[in-house]
Each structure stands twice: as structure tokens, then as C-alpha cells.
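As C-alpha cells, one chain now follows by itself in the form predicted alone.
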Amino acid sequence: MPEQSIGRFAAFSFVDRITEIDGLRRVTGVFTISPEVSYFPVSLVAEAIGQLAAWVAMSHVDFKFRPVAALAGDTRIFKVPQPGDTLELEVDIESCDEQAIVYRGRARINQEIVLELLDTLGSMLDINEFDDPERLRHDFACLTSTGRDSGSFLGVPRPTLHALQVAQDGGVNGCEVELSVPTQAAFFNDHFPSRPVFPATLLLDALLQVAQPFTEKTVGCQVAASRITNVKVRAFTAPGTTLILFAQSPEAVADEPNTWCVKVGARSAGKTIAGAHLYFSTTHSLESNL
């Protein structure tokens, strides 16, 4: 199927069925990663949890608002899912009204936790700015009854990164990379139909891809992402935007052996629009592979 032919409720939707809604307290659902998907970044697991929370939030406010801009205080990564895996999604809602939803959630595979979100807040915005509320009502009814066919999501392109270089930012050594946001992509059909926005979780994936090799080169060993904190997205990114992604030099975490924290962010037109702290832990020495 050509990428551009994939429409809403398929191109960037990560809930196949909502299995239980316990009022405004707890909601569960499932999403199966198609075996045909070659690239499923771990940030999309967080996206799946967020979308499950968003469905309940939209329903609660009668599809007048939807959570869009999110703040994630703490994301803990335990395992990277693979094509063919089924994510078992859970969300615990702390509060929800027409201004915001506050929640925490987790994803499991075969009852083993793979990612956990803590201290997450989604600001509610006018739903008409992003999608058709009647179509969303229909989609919600589908998810809470028969569910949609799994396998609709066929993947996302890897981020296009250019010009890796060592930079000086306020006296701090780091690296900078240019990210070219595509002008057209299937995920814009779903995120969002009325106002295309580059997903924050894809931006986070690009930041991870910048920071991980930079960290490995700096500390001299292979590392894996283990935690993400202080995620803040201050502005929407439109199709065709050029972003400068930056990562500062990794700093050892005092109370966590073999773990480093890297401050990352994104700039657009000279203004910082997003930031986070990425944590990487040792897997094994690069020298062992030489």
C-alpha cells in the first residue's frame, strides 16, 4: 500500500481495541505491531499509551476537546518491542476535565512491562482544530466494541538527519544535527487530519538517535536508552520545517553506576521548542567487538 494512501485511524493510530473503561479511573487496550513493520521506535509505545488516555479524555468531554500538547515527567524503558508483538496497554487517570488530563500508564508484552509513563499531562485543545469530532465518535465506538483490524499501521520513515558536528553551546560541548521534517508523510493524515503536526514522539525518537551514538562515542562503550525525563514540547512543528537538534555532553549519574544523562532539545528559527533529559546505561564495551 503506498504510504500516502494510508489515512486517518490507520497511519498513526496505536490502539486496536479498548478492552475496559473503569470510569475516569482506569482504561486498558491492546495494539498489535504488524509483522510487516520494519521500524517501530520505542517512543511509539509511549504514543500508544497516550492515545489510549486521549480516547477516554475526548469521550469524557463529549468530543469537544482533545489532549494534544503533553508534558511527560518520567518515562522508563525496560524493553524494545518487536514486529508482531502485541502491546497490552494500561492507563490510570488521576484527573480529567476540559483543561487537561493527568495520567500514568504502562505497556506490557506477555505480561512483562516494556515501558512506563509517570507524571504525564496532556493539555486539552479545541478538537475541531485537529479532527472531525463526529468521525472520532465513530472511531471510539469501533474501538470500544469490535475493535479495528490490526496491522493497519505500516511503519514510519526513519528521521532524515544531516550535518552531525561538534558544537559549543554556552561553553558546553555537544553535537548538533539538522532534522528535515517531511512535507508529506502518511502519519500527517492521522496526526492530524485538519492540522498536520509532526508528532512529538517522532521528534523524541530523532533526539534519541542523535544522543545515543554521541554518548557512545563520548563514554567509549555501547549504551541503551533506559529513561526519559522532563519532556517538554512548547510549540507545534509543521510539515517541511527544518529543526536543529542538539545534545549536550553526557554526565555520569551519581547514584546509578554506568548510567549517563544527556540534555537534548530542538530549535526552530532560533527558538528552543522542545527539550528532555535522556538517560543511557551500559550494555557492553565497544572494545569487545573489535
Partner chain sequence: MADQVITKEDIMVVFPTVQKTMADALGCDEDDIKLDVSLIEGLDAESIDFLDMVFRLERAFKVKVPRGKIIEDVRGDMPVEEFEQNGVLTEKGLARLREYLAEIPAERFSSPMRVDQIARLYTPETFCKMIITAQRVAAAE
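Remember, predicted model here, so these are calculated numbers, not experimental data. Numbering follows the first chain given and starts at 1.
Not on display, but discussed next: the form predicted together with its partner chain.
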Proximity to its partner chain in the model of the complex, single hit among 125, 71, 142, 113 (heavy atom within 4.5 Å): 71
Its partner chain: the contacting residue among 160, 183, 150, 99 in the model of the complex [heavy atom, 4.5 Å]: 99
Listed range touching its partner chain, judged in the model of the complex by heavy atoms within 4.5 Å, from 225-233, 54-62, 238-246, 29-37: 225-233
Distance check, residue 201 to its partner chain in the model of the complex, heavy atom within 4.5 Å: no
Its partner chain contact in the model of the complex: residue 75, any heavy atom under 4.5 Å: no
Touches its partner chain in the model of the complex: residue 95 (any heavy atom, 4.5 Å): yes
Heavy atom of residue 119 within 4.5 Å of its partner chain in the model of the complex: yes
Heavy atom contacts to its partner chain in the model of the complex at 4.5 Å, residues of 264-281 in sequence order: 271
